[in-house]
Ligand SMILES: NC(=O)C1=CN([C@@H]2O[C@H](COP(=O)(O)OP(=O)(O)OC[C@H]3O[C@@H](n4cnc5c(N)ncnc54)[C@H](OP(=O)(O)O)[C@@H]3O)[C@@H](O)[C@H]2O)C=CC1
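There is one chain below, alone, in structure tokens, taken in the form predicted alone.
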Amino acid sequence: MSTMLSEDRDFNGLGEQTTDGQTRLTGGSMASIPEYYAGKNVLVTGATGFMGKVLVEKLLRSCPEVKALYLLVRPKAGQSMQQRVSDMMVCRLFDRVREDNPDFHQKIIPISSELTQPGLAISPEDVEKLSACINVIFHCAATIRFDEPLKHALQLNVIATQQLLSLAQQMNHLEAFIHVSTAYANCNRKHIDEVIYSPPVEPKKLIESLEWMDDGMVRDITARLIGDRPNTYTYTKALAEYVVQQEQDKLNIAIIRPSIVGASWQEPFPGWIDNFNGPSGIFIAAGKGILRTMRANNDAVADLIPVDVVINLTLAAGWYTAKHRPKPALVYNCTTGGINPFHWGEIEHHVMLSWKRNPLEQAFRRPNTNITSNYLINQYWILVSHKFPALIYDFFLRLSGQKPQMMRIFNRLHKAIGLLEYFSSRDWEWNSENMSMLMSQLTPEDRKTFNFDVRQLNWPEYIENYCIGTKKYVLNEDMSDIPAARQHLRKLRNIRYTFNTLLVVFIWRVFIARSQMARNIWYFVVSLCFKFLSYFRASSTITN
């Protein structure tokens, strides 16, 4: 079992091993998580990404005595690495840290790096510096695009991980290497334990085979290579786990497997989110009235996991791995489905309720999204509620001399939803024993500060905060403008009622009024409706 520790491991007086192989802390000998990170130098990859930012913020705020955070950053879109880090630190995410320590930026040390280059393009001087001081590595960097070309996904998710592991072996004071994977790395299985499964192919052989192929050849064989996995992301993340496992005898390693990472639950404030990825884009499209239908299983578990839960678990795993050095390496399935399940149908209900209470500004239509698992019904509503309105809207844009855009928006939306369809229509069973074990190792104070107990998660409250978070932090809308947004929805409602009335009158004049048979059918349907209403009222009166 992956939760068992090797019997011959030296605990250095930090704990003792029970007969079932589990670790139990001995009284008072274990440093708390903030005490452990005090004076430590931490290396973070992917620090400018969603999870990386939250990790950096949490370390600075909850472990204020941490010595320094070294961030591997690459220049991007004309920005230097210093500019990217500076932009990150002025983000609202760091407001609480800024209040406690206005000079927190002095602990941030950017290191120029490029994951697609040999040796991660880290200079010899920086390699020497990192080798001499780093104590903990958090490897969060990865491409999360589901449709990433295989060669590029392999480079970012597998080869870059190999090179970081090589760098880690040069570090004289490294105590823990924490690799962030995904719970869907083995999504071709129904039940997923906290173990590293055999890879679909030997990574080294695959890398050597693809080296001489051009992009066209790789694209042609990708479907056969990934087999029963839905995309290159899950495929390469499975390979990366195996690559990490191969170094567990040389390094103290742990693997974190979060499911669908969403907005924050509690920290640094509820609902923080900074991107359109995953559920965020779907929620926003629903709130804008653009998304009207989505193919998913209402009864399937939507395994959302708040980002702060993932980060708290990650930091706790770093502490535990450094202190106990478990062999074999522990895997943590960071999921909610088996502990506190919430279903896609429930998400739809609460998202719609939230947008009615806190609508987005300048919505295209009133929010009204329906989930169906039926392909034909979904395609019908895509035609009627997506494509047809988009064509009309673009037609009026052309008439007014503007560039048509709505059909392009819908095409992008359909592509994004199509990539998520595999995950919104299936259920998985994840073992989470290691997550529970780690929680039991924390002091009462650490359980509060680094809370990853998803049993406490109130889903309706979380979904409302999530929607508000997309409004405030992604779209930068002011909550004080909600009355105006509600007035806009009332305007859209009146437009809809007027349009429906005109449509009925048009149908009557063109089709029904000109045909005796059509009128007879119309009167028959109306009389049936009248009789039904009369029966309903009579039944209600008798009941009362």
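The shown structure was predicted, so the numbers you read here are calculated from the model rather than taken from an experiment. Counting begins at 1, following the sequence as shown.
Note that the form predicted in complex with the ligand isn't included here; everything after this is about it.
Q: Quick one: of Arg84, His324, His386, Lys151, which gets a non-hydrogen atom within 4.5 angstroms of the ligand in the model of the complex?
A: By the 4.5 Å criterion, the partner-contacting residue is Arg84.
Q: Of the options Glu114, Glu429, Glu202, Asp126, which one has a non-hydrogen atom that comes within 4.5 Å of the ligand in the model of the complex?
A: If I apply the 4.5 Å criterion carefully, the residue I get is Glu114.
Q: Contact between Leu164 and the ligand in the model of the complex at 4.5 Å, heavy atoms?
A: So Leu164 does not count as contacting the ligand.
Q: Even though the ligand is not shown here, does Ile144 get within 4.5 Å of it in the model of the complex, heavy atoms only?
A: It does: once the ligand is placed as it appears in the model of the complex, Ile144 has a heavy atom within 4.5 Å of it.
Q: Even though the ligand is not shown here, does Thr48 get within 4.5 Å of it in the model of the complex, heavy atoms only?
A: Contact check for Thr48: yes, within 4.5 Å of the ligand in the model of the complex.
Q: Does at least one non-hydrogen atom of Pro258 fall within 4.5 angstroms of the ligand in the model of the complex?
A: Pro258: contacts the ligand in the model of the complex.
Q: Can you pick the stretch from 429 to 437, 392 to 400, 95 to 103, 174 to 182 whose heavy atoms fall within 4.5 Å of the ligand in the model of the complex?
A: So the stretch in question is 174 to 182.
Q: Between 225 to 245 and the ligand in the model of the complex, list the residues on our side with a heavy atom within 4.5 Å.
A: Contacting residues: Tyr233, Lys237.
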